[in-house]
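Okay, here we've got a single chain as structure tokens, the form predicted on its own, with questions on binding and movement later.
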């Protein structure tokens, strides 16, 4: 009898909490939608030339469809080969820029992994030597990941000029902040007993990290790194828009000259590239997991 009463009391409390949270989320959603002009009423020109008021979403969706239609090239079965050749007429230039994009992403990922991995240990609550180093490490990682890559790219383009170097530094700095956060969270979930054993044997703080913490977090480090590399490929294809190298400059050129079919071709290239990288990353991750399981 007591169990049933306790269960009913907990159920009522859970329902009240659920109802309160649902109301708060609904209010926040409505406030956010209002601030985002989600419910805005705008005027549109009808086919007969008259003006009418429409919901902004309903008025904008047809224009989105028109824009997408402009990016789709004319393809026919009889002339498919020639149509595709015309669609990707600038493939030689795009291939060079795609390679540059991938190299930017790779170099930036390497720099970000090094910085984020080193700083993740002093940024972990259970591993930091003291609270000041913990505070400084966390603030640096927050600043590095809070500033968007495009802003960093603009700064480095101003400092070092137009080119891939600005892109590498911009994405690498942002990557260090993002990966440092993820690595530190993985560090805070490790088993501390191996580190205590190293300390009891007379090991230093670096020895505790090297022999007690690193072996436990390597699988997570690999997963986060591969995911970040995929993200950086997409980022490096955009920051070229501000002169930081890669395919981004072609996006800017296509949009400036209204070459809409070039935009869709570039999108297809990036989609295929990211898909291939994702597949290769998955195979590598499964390979490493398999090796660890056999060991």
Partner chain sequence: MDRPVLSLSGLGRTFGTTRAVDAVTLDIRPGEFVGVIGRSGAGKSTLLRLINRLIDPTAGRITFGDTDVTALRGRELRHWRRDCAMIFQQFNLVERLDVLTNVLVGRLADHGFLASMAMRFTDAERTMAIRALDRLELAPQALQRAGTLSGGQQQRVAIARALVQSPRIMLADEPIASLDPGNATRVMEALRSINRDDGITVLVNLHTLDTARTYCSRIIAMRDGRAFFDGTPRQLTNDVVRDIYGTDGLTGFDEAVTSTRARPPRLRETA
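All values derive from a computational prediction rather than experimental measurement. Positions refer to the first chain, counted from 1.
The next section is about a form of this same protein that is not shown, the form predicted in complex with the partner chain.
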| query | finding |
| --- | --- |
| Contact assignment for the partner chain in the predicted bound form, among 216, 137, 71, 225, heavy atom within 4.5 Å | 216 |
| In the predicted bound form, the one of 107, 113, 186, 198 near the partner chain [non-hydrogen atom within 4.5 angstroms] | 198 |
| Partner-facing stretch of 96 to 104, 170 to 178, 79 to 87, 206 to 214, counted where any non-hydrogen atom is within 4.5 angstroms of the partner chain in the predicted bound form | 206 to 214 |
| Residue 193, heavy atom within 4.5 angstroms of the partner chain in the predicted bound form | yes |
